[in-house]
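Quick heads-up: it's one chain on its own, the form predicted on its own, in structure tokens.
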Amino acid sequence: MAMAYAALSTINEQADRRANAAATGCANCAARDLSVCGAMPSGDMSRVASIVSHRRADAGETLLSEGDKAMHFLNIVDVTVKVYKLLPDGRRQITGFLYPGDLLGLAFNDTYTSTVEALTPVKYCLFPRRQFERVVDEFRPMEKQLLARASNELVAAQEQMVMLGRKTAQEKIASFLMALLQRARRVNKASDSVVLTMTRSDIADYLGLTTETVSRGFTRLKTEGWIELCAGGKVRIRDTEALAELAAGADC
């Protein structure tokens, strides 16, 4: 009997250590301040840690597939993924790119409406939908965060509709770069650069252009002196004002 109690005690201790380690990992997560988890007090992070699954994916690997049952929320921890839909004839429309702190699965659908694919090796978290919703019910600040993100997604969708339907090719590219710059400045207000983890083909599928048009557009912006194309996919914005005006519709 004593051995049984000792074994049970050891199991409980190991479980406690795993829970504490998970909570510490969530509290120290690099994307925490950018995600909905940032609304939860550090002392309560064990509640999130108890339901989360930490995952990794290689470049090109599918994280979620369109049409699969929507069982989880997905939160990006590191680097970037692309979100896309496929038409019956195989054509692809990229509907967005997700970055650290972004959450996927806010739409109230029984199945995922898009496919999510890693652009580079990526870290992400999976939250079981029902369990995560219970946590949100317990912590109202997280609910406010989710509502704010849902509103932002709606605004982003409306902006993309305008961009795809009304803007010229050059305006689309400028809008894309300005959106990336604004995101970069959430982390570093003084940032003047963005890093393109996606290919020119990915950008084309997002903007509704051809790959050749995207390449010519970047070349034109470089020739104008508005951007500088650096190694590793880095783009330095040299004339933010001019790029912003172009993105707003002042095509030159």
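Rigid core (definition): largest C-alpha set, two forms, superposition within 1.5 Å. None of the values given here were measured: they were computed from a predicted structure. Residue numbers here begin at 1 and follow the sequence given.
The form predicted in complex with the DNA exists for this protein as well; it is not shown, and the discussion that follows is about that form.
Exactly one of the stretches 131 to 139, 109 to 117, 168 to 176, 147 to 155 approaches the DNA in the model of the complex with heavy atoms within 4.5 Å, and it is 168 to 176. Among 42, 201, 50, 62, the residue placing a heavy atom within 4.5 Å of the DNA in the model of the complex is 201. Contact check for residue 186: every heavy atom lies farther than 4.5 Å from the DNA in the model of the complex. Taking the partner from elsewhere, residue 209 is found to have a heavy atom lying within 4.5 Å of the DNA in the model of the complex. In the model of the complex, at least one heavy atom of residue 219 sits within 4.5 Å of a heavy atom of the DNA. Using a 4.5 angstroms threshold between heavy atoms, residue 229 counts as touching the DNA in the model of the complex. Core-superposed comparison between this form and the one not shown: the CA of residue 220 exceeds or equals a 2 Å shift.
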